[in-house]
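First comes one chain, alone, set out as structure tokens in the form predicted alone.
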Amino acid sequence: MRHETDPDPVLGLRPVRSGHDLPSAADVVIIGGGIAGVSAAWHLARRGFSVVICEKGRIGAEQSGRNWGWCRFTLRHPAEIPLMRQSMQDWRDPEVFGSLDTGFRTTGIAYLTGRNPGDEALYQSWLKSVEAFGIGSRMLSAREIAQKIPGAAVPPSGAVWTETDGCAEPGRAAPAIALAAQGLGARIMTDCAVRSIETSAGAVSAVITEKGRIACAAVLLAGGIWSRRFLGNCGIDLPMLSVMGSVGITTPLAGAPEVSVAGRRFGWRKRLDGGYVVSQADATIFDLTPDSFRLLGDFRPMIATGLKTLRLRLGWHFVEEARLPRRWNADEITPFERCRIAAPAPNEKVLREARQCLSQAWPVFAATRPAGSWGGYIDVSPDAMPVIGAASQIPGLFLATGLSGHGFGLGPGAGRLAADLLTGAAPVVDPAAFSPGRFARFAASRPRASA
């Protein structure tokens, strides 16, 4: 796991000013400055709560800044659709995030047929499952594809399409929301890892950071791939693994499609600078680690169904993960200080293949040149659904993690829902599908004694 003190400059990540003096107390401490964490901070601060975001590295520097930038309904699990609808509203609403410099715009997204065997039947089944939500997704004919996405060497026979899908710029979005939260009074501490949670009578009473103690009544853990390790030190066993995605960007290209597309061994999204994100939707790498074997029973169904798209790899990452401590005291250096920003090297073979397949399918893209690439680790739950809700083992501890590759577009809604649950407000959507307690391993775990 390559790590840095600063994010790769090719990400174009906007800087967010950190506070200098650690607050002694807050109503809520949020662990993690990704899209869900900063969105929750914005909602909490707007409601009058004092909030501190503690980010071990930089705001948005891990997967929130390393994804494709898609914000989609298309092929999303039906249980996520209500939360995605709220996210789309928040992306667009000028009273929420619509007036911020997130780069959000509506482009439409198409998943072409021919990506995998049987995908047209899968698309039709999905359309039927979400019909009641009225999101407007439908199948496109070859003629409609040629009109919406002209220039194909061989016009695809069909695609599942959602007109209202869109995208935002990962390098801008989380920082823009964090800056807006700062404007509402939230405090942001970067290079400030939380080491442990302190409890009193079994409930949250403070967090211990590398820079000192913050008294608080509630904690929201929005730590992405690090959430399982943090909770494990508390004695709570959250089944979660990570997979690695690779992203490449191109030089600007005039006259190419505005629509975002996933095809066979390629996918694209136009960036605001006129270049394109180019990668593969079905080429994530599953690095085998010690947790891969610990959690094999939990993830067996996902691994079995994903063997056609997951690329298993056993290498140095296994050793790196094994070396990171799983238990520590509040006065000890933690894994989060050893690795400020997880920045894996991208799989250039995957990206070369994506560029080649794209240029063959849409010859206009042959004029582009690579302009940069990066890798990112994605936190994945056993059912590929977000984990949002209370950790009942420690009153006052809440989770917003395990977003499973859907988290960028879903982030605004995930943060809003977490803020609702934390404050006791009526939840914006039914949270039952996202409850941490749905995992038997999690429900059976018991917390360690307070630090």
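Note that the structure is a prediction, hence the values are computed from the model and not measured. All residue numbers are counted from 1 along the displayed sequence.
Not pictured, yet referred to below: the form predicted together with a small molecule.
The three marked residues, E62, C192 and L403, each reach the small molecule in the model of the complex, with a heavy atom inside 4.5 Å. For the chain shown alone, Y276 is not a contact residue for the small molecule in the model of the complex, no non-hydrogen atom being within 4.5 angstroms. With a 4.5 Å cutoff on heavy atoms, R416 does not count as touching the small molecule in the model of the complex; it lies far away.
Contact between C54 and the small molecule in the model of the complex is found at the 4.5 Å heavy atom cutoff. Though the partner is left out of this view, F398 does not reach within 4.5 Å of the small molecule in the model of the complex, counting heavy atoms only. The chain is drawn here without the small molecule; in the model of the complex, the stretch among 351-359, 290-298, 233-241, 370-378 whose residues come within 4.5 Å of it by any heavy atom is 370-378. For the options F266, F336, F73, W161, the residue carrying a heavy atom within 4.5 angstroms of the small molecule in the model of the complex is F336.
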